[in-house]
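As a starting point, one isolated chain is supplied in structure tokens, in the form predicted alone.
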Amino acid sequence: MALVDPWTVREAVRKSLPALAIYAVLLAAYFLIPGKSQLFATILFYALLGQAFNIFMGMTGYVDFGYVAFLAVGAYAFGVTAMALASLGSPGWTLIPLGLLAAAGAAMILASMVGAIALRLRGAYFAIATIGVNEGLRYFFEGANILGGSIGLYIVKDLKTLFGDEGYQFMATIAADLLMFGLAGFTVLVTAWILSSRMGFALQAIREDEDAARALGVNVTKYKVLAFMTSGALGGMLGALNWALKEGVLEPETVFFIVYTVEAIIIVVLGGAGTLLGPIVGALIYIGLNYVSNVYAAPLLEGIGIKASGLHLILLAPILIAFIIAAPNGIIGLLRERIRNPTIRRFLV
């Protein structure tokens, strides 16, 4: 009954509207602003990364430092599916549903296996365990020479077999980004439903005080595993679209790169952990600051004779720290504290 509860559905739709509106603006800008499509595609990737990550970390308070492993496993599952369909002579359109299903399924299997053990831990112990999972998988792929090993899995030829040369160019550029916009909308709806459902209230109780939640009858293990698997499945599909379909090359040192997880943490904390709009706002701020530092700060430093590579990124750190100090609950949390208008506050979810 909870799945079709009218109040839950109504609340989920209401909460999702502002986020969907932001994605609609990003989609319009993607097509209408010349030469900036990849900038908006990058914002989309990081917003999606933050949203998927937020379902677990933001709602439970557990920090999964190995989260990028879900993206990597999803990308490899999509790549293997592409190779299998190409060898069978299947039509290209079958790759998208089957590949995404495989990506989500592989990520969920990994989440269930890791969650069964790691979710027994808390705090730093859980974080360390998840780092070990990510790095262990990476070195396992490389050392055991699985799916190309350290060289990587190249599926460009298989994608061209499925879609043709011109079709592949379209799929790897515009179609991949459009599918990511679709995934973003789906992720918004999933997150909004969780926030409005019994699961959302249970996760909030776990985040505030796990022992108290258990004492009050909340099935802590059930909801933590559900959140972990949901977050992992969405991450797996994101990795499939961004790396397997868009890049066509899967290298362990890239797809298991732990910095993506660190960036996801920054984005969620900046925007507001456990909120719907937070990861999107956090991605806009984070990529905006990166863009300004790369486009304007780097040339300025070079103009005064400072040529050290990446030195301009030092400027990014104090700005991020200032954001976090000024808004410890994220931008959305700060806005909810400052804005008293009840109509506006209803949409700051």
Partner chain sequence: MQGQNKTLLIAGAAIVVLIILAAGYFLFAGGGEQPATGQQQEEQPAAGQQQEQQQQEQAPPAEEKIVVGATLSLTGKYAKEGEMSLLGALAAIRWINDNGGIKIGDKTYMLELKYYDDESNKDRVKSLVERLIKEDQVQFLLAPYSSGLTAAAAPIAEKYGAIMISHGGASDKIFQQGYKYVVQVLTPASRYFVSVIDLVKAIDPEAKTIAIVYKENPFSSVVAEGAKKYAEQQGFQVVYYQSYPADAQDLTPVLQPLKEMKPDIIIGGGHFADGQLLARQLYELGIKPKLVAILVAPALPEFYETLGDAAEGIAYPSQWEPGVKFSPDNVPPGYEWYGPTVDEFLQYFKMVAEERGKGDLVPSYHAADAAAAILFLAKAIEMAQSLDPDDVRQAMNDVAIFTFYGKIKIDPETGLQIGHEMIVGQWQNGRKVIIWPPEAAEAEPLYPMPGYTG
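What you are looking at is a predicted structure, and each value in this text was computed from that prediction instead of being measured. Positions refer to the first chain, counted from 1.
Beyond the structure shown, there is the form predicted together with its partner chain, which is absent from this document and is the topic of what follows.
Asker: Taking Y23, A84 and R336 together, does each of them reach its partner chain in the model of the complex with some heavy atom inside 4.5 Å?
Answerer: Checking in the model of the complex: none of Y23, A84 and R336 is within 4.5 Å of its partner chain.
Asker: Just to confirm, with a 4.5 Å cut-off on non-hydrogen atoms, which of V156, L189, I96, L178 contacts its partner chain in the model of the complex?
Answerer: Result of the distance check: V156.
Asker: Its partner chain isn't shown here, but in the model of the complex which of L100, M199, M108, A172 has a heavy atom within 4.5 Å of it?
Answerer: Residue within 4.5 Å of the partner: A172.
Asker: Can you work out whether Y223 and its partner chain are in contact in the model of the complex, taking contact to mean some heavy atom pair no more than 4.5 Å apart?
Answerer: No, Y223 is distant from the partner.
Asker: Contact between A322 and its partner chain in the model of the complex at 4.5 Å, heavy atoms?
Answerer: Within the cut-off, so yes.
Asker: Y260: heavy atom within 4.5 Å of its partner chain in the model of the complex?
Answerer: Residue-level check for Y260: yes, a contact with its partner chain.
Asker: L88 versus its partner chain, in the model of the complex: is there a non-hydrogen atom within 4.5 Å?
Answerer: Outside the cut-off, so no.
Asker: I need the one stretch from 88-96, 224-232, 132-140, 275-283 whose residues put non-hydrogen atoms within 4.5 angstroms of its partner chain in the model of the complex.
Answerer: Heavy atoms within 4.5 Å of its partner chain in the model of the complex occur in 132-140.
Asker: Counting only non-hydrogen atoms and a 4.5 Å cut-off, give the residues of 35-60 close to its partner chain in the model of the complex.
Answerer: The stretch 35-60, when checked against its partner chain in the model of the complex, contributes G35, K36, S37, Q38, L39, T42, F45, Y46 at the 4.5 Å heavy-atom cut-off.
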